[in-house]
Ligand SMILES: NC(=O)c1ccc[n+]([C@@H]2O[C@H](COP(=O)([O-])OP(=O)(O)OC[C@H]3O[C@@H](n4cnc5c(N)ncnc54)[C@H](O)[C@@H]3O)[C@@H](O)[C@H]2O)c1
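Below you will find one chain, with nothing else, as structure tokens; this is the form predicted alone, and questions on how it binds or moves follow later.
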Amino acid sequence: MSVVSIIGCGFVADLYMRSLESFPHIKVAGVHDRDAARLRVFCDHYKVKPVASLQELLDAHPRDGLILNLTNPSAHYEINKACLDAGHHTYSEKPLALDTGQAKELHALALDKGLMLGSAPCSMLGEAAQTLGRALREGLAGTPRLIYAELDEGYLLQAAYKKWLSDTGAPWPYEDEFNVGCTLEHAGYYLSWLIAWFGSVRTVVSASAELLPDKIGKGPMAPDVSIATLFFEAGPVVRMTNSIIAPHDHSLTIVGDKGVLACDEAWDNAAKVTFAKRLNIRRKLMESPIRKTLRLPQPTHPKVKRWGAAALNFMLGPAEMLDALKTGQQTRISPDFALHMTEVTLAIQNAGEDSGAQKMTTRCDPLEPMPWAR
């Protein structure tokens, strides 16, 4: 039996508990939340042990277990550091920290203490990402040259987001989402896949902006759109978009020498993965309209039912780390991976309009419309 303790029992914690049902060998030792009423509701619902204070949880948590840090993003650094200082292996919801310097400090602390430190999302361990990874390794599409990764959520301010509740009645934390921003919240869903396949990003060229001034929250709001070009050391160039403005699009398109690999949903472990061979027909170059669906030859991992927009097993990463602890093997969810993904995501988010921008020296006015178009 493997053991986890949970810190933070808000909206996302319900998704972890849904996922835990698919891993009966993982037990929840205790749960802490600074909101005592929220803690009571959560623990009563799932029949798990409430722990009144953070220090009590840190003192009671077993050394061969894993702490899940599911707190609000602004608390991630503080809680992650407390867990590591107490000598505990830690898995954090994204991002690892809100500052690259703080993330590097956590990385160094984990290495110094010989502790595991992982970060969500873990969907790169899921079936869709692994299916694409195998196709890339086998060279099905030839050398990958250009990749489009889209993570656009639709015009979110017109959605009924104030009515979104978890299984135990926790509201979707929209103020935190708007304060932290869609890039930090969502880029990892494809960025983790890309880093898993190609390794390090060498250079980030990005711009971000806040275009929706009426978001609800305290303090400055984060950008609600970012567009980045990522140059990977292994070769491919990626264009990534994140927004809560553009029409919903979670597609991934990998253009190779022989054709196109594609997946239409980052938030579904079992999303359809396809390949379209490139053809010349009557002197016209095109991708085959008949796309081949790719599948792995053997069973993969436990799936969870769709809830809201996602069909993700949030426990794939923690389960991987716990298995590595039991077997003494190296985990795929490493401090290096968590740090690099955090650094790249922050580089995209914090680019703003002036980061590396070349200001134009000429101007022109909009054109007058044609008479028949007025």
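For every residue, the number given is its place in the sequence shown, counted from 1. Keep in mind the model is a prediction, meaning the values are calculated, not measured.
Beyond the structure shown, there is the form predicted together with the named molecule, which is absent from this document and is the topic of what follows.
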## Note on the structure
If we test each of 344, 43, 57, 70 for a heavy atom within 4.5 Å of the named molecule in the model of the complex, the one that passes is 70
### Task
State the residue from 34, 27, 306, 326 whose non-hydrogen atoms include one within 4.5 Å of the named molecule in the model of the complex.
34
### Query
Out of the stretches listed (93-101, 276-284, 297-305, 228-236), which one is close to the named molecule in the model of the complex, meaning heavy atoms within 4.5 Å?
93-101
### Task
Could you tell me if all three of 7, 38 and 173 have a heavy atom no more than 4.5 Å from the named molecule in the model of the complex?
yes
### Task
Spell out, yes or no, whether the shortest heavy atom distance between residue 177 and the named molecule in the model of the complex is within 4.5 Å.
yes
### Task
Answer yes if any heavy atom of residue 17 is within 4.5 Å of a heavy atom of the named molecule in the model of the complex; otherwise answer no.
no
### Message
Within 4.5 Å, heavy atoms only: does residue 75 come near the named molecule in the model of the complex?
### Response
yes
### Query
Contact between residue 185 and the named molecule in the model of the complex at 4.5 Å, heavy atoms?
yes
### Query
Going by heavy atoms, what in 305-332 lies within 4.5 angstroms of the named molecule in the model of the complex?
314
